[in-house]
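The chain below stands alone and is given as structure tokens, in the form predicted alone.
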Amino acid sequence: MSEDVRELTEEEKADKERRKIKSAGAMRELMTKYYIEAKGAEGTKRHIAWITSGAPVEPLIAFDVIPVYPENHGAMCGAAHMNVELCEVAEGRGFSRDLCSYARGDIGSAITRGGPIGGLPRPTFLVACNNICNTVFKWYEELARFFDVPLFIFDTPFVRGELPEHLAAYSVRQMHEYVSFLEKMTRKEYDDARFVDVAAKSLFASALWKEVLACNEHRPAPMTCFDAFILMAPIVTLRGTQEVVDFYQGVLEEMKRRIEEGIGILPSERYRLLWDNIPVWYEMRNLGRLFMELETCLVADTYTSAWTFEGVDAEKPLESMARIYTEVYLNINLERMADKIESLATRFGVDGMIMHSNRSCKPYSLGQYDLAKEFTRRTGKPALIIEADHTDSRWYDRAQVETRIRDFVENLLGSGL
């Protein structure tokens, strides 16, 4: 029985409070302030841009544009169990249920102003980058028609193996075209000093985030990747600002303090697992309870590390940004994905991997069966694939998923195979 179901003893309550991550409160304050500012800017002279999660946000910050992320909003709607009704609005307009549930929910929210914060502020323009998927093309074209606003598409060709120079050069040209688009939209000239300052803050915050995630290499882990899914909101949304740098410095200090004091996120950590794909947002609480009961910590994942940048040339921030955004996890071939998964498994000392086969996120889920076999071949560790959808709970069978996870942990990991 989980500690949230039966009444806890005073000692257990004190231990639970001791293990609680305090930075989560600071994160909520930061994001609440951000959304209040963004919604307050609607109808003013301040520009608002809706942008995909994988697109370069730093130029927007440098041009004093407020970035707004429909995917972040979709995660909020999913966690609040409100996305299905928004998806149904889009489906009622003819959008297929097989499309991304972030896209369907976002279109439904744009039509109804629905969701936990009453919808997103109307955009001045849109920015979509196809490094995460090609659905964003049609999704943002639909938004551009709906709001009657300009759309900039940042095109990133798929990278097979190492990034060839001609693709790197093409990505840099995309970055220059992006800057020209912003000059036209904002009627401001590009300020190189301002961009360098924003890029430096973005890279510094990314480095801090990378250190935060690396803290989970320690046993017991000071947090689970479910905590990381929550704490990543600022690095996705507001990287390039001093507030985000300050926030992740605070998170890192807390994680280091937890390690020094031997505070694990679970009362008992027996097994360590790697998670692949976007979270099942509406089921985080229940899955978290299940893994705690099984004394199993999800210590690393392939999702949150997408915002840890490497190979940066501080002297050439624009070029570095172009290269970084072209080589994100979902824009590389399976062999490089397998290399990354193997590296995470080794660094974090995992006993196995759970892969979320995401019903409406094809780019993330395509090839998972091959990756699972390759993971086991390289590491000797087992992998489990569960089926769900990141925000559409109609595709989720809780009893089936929990039974499979329980069997995987108790029988397969417990047997030492």
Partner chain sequence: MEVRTIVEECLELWRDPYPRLARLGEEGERPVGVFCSYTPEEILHAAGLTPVRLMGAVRAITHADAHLQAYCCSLARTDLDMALAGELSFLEGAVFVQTCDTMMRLSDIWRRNTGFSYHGDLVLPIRMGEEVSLPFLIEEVKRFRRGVEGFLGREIGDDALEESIRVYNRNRRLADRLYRLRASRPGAIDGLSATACLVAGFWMRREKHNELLHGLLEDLEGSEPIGGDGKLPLLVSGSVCTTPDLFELLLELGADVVDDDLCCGHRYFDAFVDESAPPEEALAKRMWERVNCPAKHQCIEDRFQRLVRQVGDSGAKGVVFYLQSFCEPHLFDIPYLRQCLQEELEVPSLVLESELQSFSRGQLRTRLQAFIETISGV
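Keep in mind that what you see is a predicted model, and the values were worked out from it rather than measured. Numbering follows the first chain given and starts at 1.
Keep in mind that the form predicted in complex with the partner chain is not shown, yet the notes after this line are about it.
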Which among 73-81, 218-226, 113-121, 149-157 is in contact with the partner chain in the predicted bound form, heavy atoms within 4.5 angstroms? 149-157
With the cut-off set at 4.5 Å between non-hydrogen atoms, does residue 366 touch the partner chain in the predicted bound form? yes
In the predicted bound form, does residue 358 have a heavy atom within 4.5 Å of the partner chain? yes
Using a 4.5 Å heavy atom cut-off, state whether residue 303 contacts the partner chain in the predicted bound form. no
So in the predicted bound form, does any heavy atom of residue 335 sit within 4.5 Å of the partner chain? yes
To verify the annotation, which of these, 214, 330, 230, 208, has a non-hydrogen atom within 4.5 Å of the partner chain in the predicted bound form? 330
Heavy atom within 4.5 Å of the partner chain in the predicted bound form - the one residue of 173, 270, 316, 257 that qualifies: 173
In the predicted bound form, do 282, 291 and 398 all reach within 4.5 Å of the partner chain through at least one heavy atom apiece? no
Looking at the partner chain in the predicted bound form, which residues in 54-87 have at least one heavy atom within 4.5 Å of it? none
